[in-house]
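The chain below stands alone, shown as structure tokens; this is the form predicted alone.
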């Protein structure tokens, strides 16, 4: 039995499986607005400080139907799913949508939402991608200020510094607890599946944050940490997937091949929970600082920073977790990851770090083909670890 199986975890599992259902029920129960945002850097604390529910719009598990005629097939699965959800009415629970950063494909999905729901406000606030120019901080602070004005107008509530500080503390506390699970996994003291950790993070993107924190505390209080995992398992790092969570079946398949996932830089994982918002000083400036700090804590291929890069971060992460190799999960047609992956692969190859690329799609999972590739990859790592250095 996995360590996280409990009543509290079952609640989170239900929310992760049906995020729209949770938003509908929360709105019915509270009578307050629900505001949708998109990956990866919208500061949900601003919406929370108004009393509304901030929800990161998730990729739906249902097949894409109407959306096929609204966006090209070469758009990624996340954006095509969002377009489909808008077209069939699944996003009707949302009272507004906000974006803090976006790729060209997400702009297309946002245009479909505006076409399908013309009465629903949609606010764009493009955060600067160049992170260390002299003007970067000022530009981010300006965008945070515009987000504040827009959210206040949408909800009809003023975001006071006091309310924002309360929200910042609430989200920081939640991230701290989530990182606790990841730290325990990294050490091997907590035998928890990648699927279960994804549930913890995905549900935090949807639920009212204090409610989610209470459930995390309940799970943590009931944990009985087991002994060290078997040495026979190959320790791996999962990388990629900027916007949507990898399919749970894929995560299970990988682990069934004699793998222990010890770390990741997935958006529905370490990337999302990596950075807290400073709790001192002006809270609006703190949100700008949080955005800039995130690219240091978990560098992203969509951002530019001269003294920070994703490949060096990844190598350091492997040293920290003791991972033996990397599986990169790339959503098909994800342009930012497609463009950055060759550089990432070059650095890993230069350090003789095994890496396997798996391309994912919205529908369909070539399970046996992927299983064969992962098993071969795992066997390659085992053989490499058994090599005895030859004397010169």
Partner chain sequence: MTLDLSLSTKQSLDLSPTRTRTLEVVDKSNRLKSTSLGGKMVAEYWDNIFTAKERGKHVVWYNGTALNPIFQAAGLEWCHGEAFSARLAAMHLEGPAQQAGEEYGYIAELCSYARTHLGCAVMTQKGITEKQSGIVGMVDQEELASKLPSPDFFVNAYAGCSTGQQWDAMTYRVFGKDFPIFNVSLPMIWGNKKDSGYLRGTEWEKTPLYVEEQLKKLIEFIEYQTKKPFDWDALSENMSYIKRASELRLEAMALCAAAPTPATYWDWVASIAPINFLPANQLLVDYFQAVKDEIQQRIIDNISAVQNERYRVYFDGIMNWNKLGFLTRKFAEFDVAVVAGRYTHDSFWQEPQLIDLDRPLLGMAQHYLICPINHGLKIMEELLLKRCDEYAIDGIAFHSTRTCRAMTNPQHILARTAERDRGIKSFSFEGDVADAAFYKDESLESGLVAMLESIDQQRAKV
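A quick note: this is a predicted structure, and the numbers were derived from the prediction, not measured. Numbering follows the first chain given and starts at 1.
Below: the form predicted in complex with the partner chain, not depicted.
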{"query": "4.5 angstroms heavy atom contact with the partner chain in the model of the complex for residue 163", "finding": "no"}
{"query": "Any non-hydrogen atom of residue 144 within 4.5 angstroms of the partner chain in the model of the complex", "finding": "no"}
{"query": "Heavy atom of residue 26 within 4.5 Å of the partner chain in the model of the complex", "finding": "no"}
{"query": "Proximity of residue 61 to the partner chain in the model of the complex, heavy atoms at 4.5 Å", "finding": "no"}
{"query": "Among 180 to 188, 243 to 251, 121 to 129, 269 to 277, the region lying within 4.5 Å of the partner chain in the model of the complex by heavy atom distance", "finding": "121 to 129"}
{"query": "Interface residue in the model of the complex among 218, 210, 139, 297, criterion: non-hydrogen atom within 4.5 angstroms of the partner chain", "finding": "139"}
{"query": "Of 237, 102, 202, 80, the one that lies within 4.5 Å of the partner chain in the model of the complex (heavy atoms)", "finding": "102"}
{"query": "Heavy atom of each of 110, 330 and 341 within 4.5 Å of the partner chain in the model of the complex", "finding": "yes"}
{"query": "Heavy atom contacts to the partner chain in the model of the complex at 4.5 Å, residues of 69 to 87 in sequence order", "finding": "69, 70, 71, 72, 73, 74, 75"}
